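One chain is shown next in structure tokens, namely the form predicted on its own.
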């Protein structure tokens, strides 16, 4: 499909979505493709852009729904902050869903990321973060067991490993190295975030360092597009000055 007909398809879809109330279910994919006169593959491509904007949400095996308008969490990436801190600054409320904590022995990949030996003890923390009734992020932190013990998560933990470590003050944290990219949702993450498998998510993979240069946490975060706006303030290069 050429650029103009595709834009017209997006315009027709936008008009349909905006005409429906929040939480209304859209027609099935085959029915909507027939109605718009396009293939299902073309329709799916157009729908992804609306999902990225937070205008619709898809639930595996259930259908596609018009999303209620929700405030967007806006944050610069220059400063490392927890979702709870970003939400509080934005006047939003977030809560932690089911918490999964387990002790592991480091495999080769984990040992490399945390500068440990294979077989060293680890604590892994998995949780889903909600705003109102909607899951918006899936978080996984893996730490050396001597940095964070399972017992510390038994009560009062709100979902942020970063905030827990900052409140404790030991070890002293200094910086984080983060890789950011777009990824397709795995089956597990798709179920947790109530989206379709392979839907695009923002993916952050970060190593958190202490004052002595030790990697004290390796975290993986999946963020639902449309609910977050991340930005970076960059200085202009003086190379030619």
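Residue numbers count along the first chain shown, from 1. Keep in mind that what you see is a predicted model, and the values were worked out from it rather than measured. Only the largest set of C-alpha atoms that superpose within 1.5 Å between the two forms is called the rigid core.
Although it is not shown, the form predicted together with the DNA is what the next lines describe.
**Student:** Exactly one stretch in 189 to 197, 54 to 62, 202 to 210, 174 to 182 has heavy atoms within 4.5 Å of the DNA in the model of the complex; which is it?
**Tutor:** So the stretch in question is 54 to 62.
**Student:** Within a 4.5 Å heavy atom cut-off, is residue 216 in contact with the DNA in the model of the complex?
**Tutor:** Because no heavy atom of residue 216 falls inside 4.5 Å of the DNA in the model of the complex, the answer is no.
**Student:** Give a yes or no for residue 229: in the model of the complex, does one of its heavy atoms lie within 4.5 Å of a heavy atom belonging to the DNA?
**Tutor:** Looking in the model of the complex, residue contacts with the DNA do not include residue 229, since no heavy atom lies within 4.5 Å.
**Student:** Does the DNA come within 4.5 Å of any heavy atom of residue 40 in the model of the complex?
**Tutor:** Result yes; residue 40 sits at the interface with the DNA in the model of the complex.
**Student:** Classify residue 178 as shifted (yes) or not shifted (no) between the shown form and the other one, where shifted means its C-alpha moves by 2 Å or more with the rigid core superposed.
**Tutor:** No; that C-alpha moves by less than 2 Å between the shown form and the other one.
**Student:** Examine residue 203 after superposing the rigid core and state whether its CA is displaced by 2 Å or more between the shown form and the other one.
**Tutor:** For residue 203, whose C-alpha is compared between the shown form and the other one after core superposition, the shift is less than 2 Å.
**Student:** For residue 44, state whether the C-alpha moves by 2 Å or more between the shown form and the other one after rigid core superposition.
**Tutor:** Shift of 2 Å or more: yes.
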